[in-house]
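We begin with a single chain expressed as structure tokens, specifically the form predicted alone.
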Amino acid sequence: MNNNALSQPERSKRDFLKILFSGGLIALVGSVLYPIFAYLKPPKQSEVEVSSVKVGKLKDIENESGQIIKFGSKPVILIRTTQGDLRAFSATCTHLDCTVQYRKDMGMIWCACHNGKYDLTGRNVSGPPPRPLTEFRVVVQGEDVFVSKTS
């Protein structure tokens, strides 16, 4: 007897069972994978609105140095020049959002990702960065140093 010789009702029952088991298998895989991916995905957090951050004491910041501080959820680089001036800029490169750093040997702000360079006014001078760094205001009150957004 030939297997292809199944009657039409038997064939439709087999097709129905194939669809039923395939759908059940897809539902089972989805019910296992969805909670795993939902757990691994970080939760959305609302942006914290920060207008000013206390950095520390002026005496603790050395001349010709740079440090990264958190301004809300974003990094800001605070630089103290050789003359003792304090300057603050966004610490994310305007090219691909890498974190920049102060290079004492070059006297510049440097992005390690693609060798982008900024001068100490935040202006892009070399490399692929298309725009200057966003400047922040630095206020010294007594011995305390505060960084705030420029308005």
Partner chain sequence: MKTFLQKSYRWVDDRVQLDNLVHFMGKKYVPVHRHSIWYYFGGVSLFLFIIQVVTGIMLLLYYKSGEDAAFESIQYLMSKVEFGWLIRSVHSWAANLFILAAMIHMFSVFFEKAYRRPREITWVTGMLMFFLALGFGFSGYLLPWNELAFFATKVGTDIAGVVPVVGKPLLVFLRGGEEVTGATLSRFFGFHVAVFPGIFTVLLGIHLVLVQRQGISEPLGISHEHGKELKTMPFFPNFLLRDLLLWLLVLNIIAILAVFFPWELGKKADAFASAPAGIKPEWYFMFMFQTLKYIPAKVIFIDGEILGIMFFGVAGLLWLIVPFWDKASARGKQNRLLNYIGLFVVFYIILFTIIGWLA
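Residue numbers count along the first chain shown, from 1. On a predicted model such as this, the values are computed, not experimentally measured, just so you know.
The same protein also exists as the form predicted in complex with its partner chain; that form is not shown, yet it is the one meant from here on.
Undergrad: Check Gly107, Leu133 and Glu135: does every one of them have a heavy atom within 4.5 Å of its partner chain in the predicted bound form?
TA: No residue of the spot touches its partner chain in the predicted bound form.
Undergrad: Should His95 be classed as touching its partner chain in the predicted bound form when contacts are defined as heavy atoms within 4.5 Å?
TA: His95: contacts its partner chain in the predicted bound form.
Undergrad: My question is simply whether Ser90 lines the interface with its partner chain in the predicted bound form - judged by any non-hydrogen atom within 4.5 Å.
TA: Outside the cut-off, so no.
Undergrad: My question is simply whether Ser31 lines the interface with its partner chain in the predicted bound form - judged by any non-hydrogen atom within 4.5 Å.
TA: Looking in the predicted bound form, residue contacts with its partner chain do not include Ser31, since no heavy atom lies within 4.5 Å.
Undergrad: Taking its partner chain as it sits in the predicted bound form, is Ile69 near enough to touch it, meaning that at least one heavy atom pair lies within 4.5 angstroms?
TA: The answer is yes: Ile69 has a heavy atom within 4.5 Å of its partner chain.
Undergrad: Considering its partner chain in the predicted bound form, which of Cys113, Leu120, Leu86, Val53 comes within 4.5 Å of it through any heavy atom?
TA: Going through each option in turn, the one that passes is Cys113.
Undergrad: So if I measure heavy atom distances to its partner chain in the predicted bound form, which of the stretches 36 to 44, 23 to 31, 78 to 86, 53 to 61 falls within 4.5 Å?
TA: Looking at the other structure, the answer is 36 to 44.
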